[in-house]
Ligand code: 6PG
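Take a look at this single chain, the form predicted on its own, given in structure tokens.
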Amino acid sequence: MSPMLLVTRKILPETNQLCNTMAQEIQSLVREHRGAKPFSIALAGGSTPKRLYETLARPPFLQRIPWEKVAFYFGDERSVPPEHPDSNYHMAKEAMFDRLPSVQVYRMEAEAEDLDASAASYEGLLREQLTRDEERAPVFDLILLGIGNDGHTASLFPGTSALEETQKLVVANDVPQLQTKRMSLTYPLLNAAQRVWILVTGINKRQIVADCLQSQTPEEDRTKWPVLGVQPTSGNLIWWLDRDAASNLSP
């Protein structure tokens, strides 16, 4: 990793404790937020984020977090309608949005026939709502990400064109290994965030976690494991792990 990048590992014994600890941290961040705009969170898909969303939507966090101060966005989306069971929005809606007293949600319209135009429209939305300095990318307060066994994160998959994108902040990424296109945030936007949290649980993720966190050449290895391209330039990066996912890490 870059010598200027602050990378933290937080390892909890099991998933429930992990999600509760993360929810407590989100509660603190939102309650302490003093910006004129809502606290902005980009959501991830996957089973571990779902557990986190369910935790946030239950007591005590349901009552303790001032939800009117939060705006939700998405890090990526599959090319399906919002009611489709594979949709990241659909998952987050059932796990969290439907249970919150107040919610601001800006979903990716990845079911659009012209996915490139839809991606450009979402980028425009982010630039309008999250830009703090006209010369820089929009800034998320918090981006949540997961990681696949192949090292992908958001919908930045190995070998795909989005890995080389330096100008666009949101793209329609062709993913030939899945025979589909997906909408995804790109590195320039991910790395402008104040905070990026990578959530990983389960024994089946232990090898990819060890490979990535113990990589000696992350800049070279990001083409193989795209999550290594997530290197916030002025924010911090936290890997939140349960004991199983961390079990192959060296002491």
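Start at 1 with the first residue shown and count on from there. This is a predicted model, so every value here is computed, not measured.
Beyond what is shown, the protein has a form predicted in complex with the named molecule; the following relates to that form.
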164-172, 93-101, 121-129, 140-148: which one contacts the named molecule in the predicted complex at 4.5 Å, heavy atom to heavy atom? 140-148
Answer key, the named molecule contact in the predicted complex at 4.5 Å (heavy atoms) among T48, T186, T55, S40: the residue is T48
Is there a heavy atom of R222 no more than 4.5 Å from a heavy atom of the named molecule in the predicted complex? no
Within 4.5 Å, heavy atoms only: does M108 come near the named molecule in the predicted complex? no
4.5 Å heavy atom contact, T153 and the named molecule in the predicted complex: yes
May I ask you to list the residues of 58-97 that have any heavy atom within 4.5 angstroms of the named molecule in the predicted complex, in sequence order? D76, R78, N88
